[in-house]
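Given next, in structure tokens, is a single chain: the form predicted on its own.
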């Protein structure tokens, strides 16, 4: 494909992210369960500062909610991961993932892995009340209740009684019970090899019933309507401006939390963040723009940390839309994109062109999934070439099937972007030129701030959207289950019974070779057959920290967060 623009002005912003607990920039570690612990890759330096430690960082959009049952974006997940503690954390030690204690200090399962018993320690809520097993029972039941509308409830699918609750049964039939004040039992309908990792996800965090009921719909919407049990408490929240976190003295592992205050500035413009980092107003920044990568990596006072994330940047189609209900039209818009060109033109070559939907960070047991499954995107191009087709041929074929004539310029197509910054506007121009040249389509671009964009997506008010997803835990089920008809977390309106069957069977299959086979068959349906999503980039984290910052994570799926960090050398 011909390159249409010679320069792109900014890096991908966090506003393009939309994962329940997926992180971006420094949080681009994959979350929960395959998130967290008490030990860190980097040993924090001894404090040499005269006062309490603080850390200045940023978010690229305002979180939507701190309500565990309503968290739906990476910004909310970033903060809840700091102010909440779950059963376990996925952390890293010596470059390896470690399941570390959280509220649960010990745990065990029965022989077939269907009954898990968690023994809680002595963690407290910020008001001093003990965290109890019943707090977990209430939280899981509330998230499973269809009336709550939890966007992540599909992670509770393995629990006994989940399907019945979803179909209207009382939440008490869910397979979770408090054996006593400090003993929680979770019963699964079938063995799940990755269940312990799932337990580090936000949806498995506890909730205080008295607080949730006291504040009702306001719960989690403001600082004063939030209750924390994690390393930090929510000190202040000025929407679209700033968030301040304070060390929680009642946290069970408070002695190992060195940073007293975390200041998060909400910055939707990347250039502002880069300038603030350069001026010393931020201790961290993430960017994929070559100019800034080169500038920051040459600084003597800065540490450059680069690693493959667990995220994917992608466009996605509204399968309920008249035009994009057609698989051939979806294939046309997918195959018209040259991912290598996008990487060079939009990201300065700092990311990796996507080769499938499941990210390279994921494994099934000891086997890397992407290495096993191969380059699914290239196989789509190969199949197109073998048929002597072009992307425009697929478009014309789809138009014929829909009785829309044979002139692509007559199509009314709008691409929705979750940002209004210069980067997004330039990216929109790039898409317009590509689709006009390759398909003959006169593309319209709809720019909105993240909140409006995501609300439109949830209401099906879009044709093509662009987001990113950062996985929760290290198993392909995490990202493939998003498209199951019972979940539809990406809000495509697409469903496929065979796909559902394959993903469901894979999750409960203990044999690794069989699981790989099932997951690959499901991904083939998603991409090669139905093409309901268009993976664009596997982003690489280009993170820059001031040299005095230590204790951050390097692996994609950790969710240690700020609790293991130090700025003692400031």
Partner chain sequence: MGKYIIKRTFFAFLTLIAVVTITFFLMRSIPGDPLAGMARALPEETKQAFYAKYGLDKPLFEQYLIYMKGLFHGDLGESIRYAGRPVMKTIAETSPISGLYGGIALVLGTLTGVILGIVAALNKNRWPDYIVMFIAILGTTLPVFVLISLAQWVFGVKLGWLPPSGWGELKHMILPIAVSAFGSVATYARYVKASMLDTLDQDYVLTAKAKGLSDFQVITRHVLRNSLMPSVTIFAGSVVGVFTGAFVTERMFAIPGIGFYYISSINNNDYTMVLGTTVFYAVLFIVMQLVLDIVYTLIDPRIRVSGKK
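Residue numbers count along the first chain shown, from 1. Since this is a predicted model, take the numbers as computed values, not measurements.
This next part talks about the form predicted together with its partner chain, which is not shown.
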_Taking its partner chain in the predicted complex, would 111, 136 and 503 all count as contacting it (heavy atom within 4.5 Å)?_
no
*Report the residue, out of 82, 268, 302, 207, that has at least one non-hydrogen atom within 4.5 angstroms of its partner chain in the predicted complex.*
268
*Let me know the one among 485, 218, 298, 385 whose heavy atoms come within 4.5 Å of its partner chain in the predicted complex, would you?*
218
_Counting any heavy atom within 4.5 Å as contact, can you tell me which stretch out of 246 to 254, 337 to 345, 226 to 234, 148 to 156 lines its partner chain in the predicted complex?_
148 to 156
*At the 4.5 Å heavy atom threshold, is residue 166 in contact with its partner chain in the predicted complex?*
yes
*Close approach of residue 191 to its partner chain in the predicted complex, 4.5 Å, heavy atom*: no
*Would you check, heavy atoms only and a 4.5 Å threshold, whether residue 64 touches its partner chain in the predicted complex?*
yes
*asked:* Considering non-hydrogen atoms and a 4.5 Å limit, does its partner chain approach residue 455 in the predicted complex?
replied: yes
*Using a 4.5 Å cut-off on heavy atoms, which residues of 261 to 289 contact its partner chain in the predicted complex?*
265, 266, 267, 268, 269, 272, 275, 276, 278, 279, 281
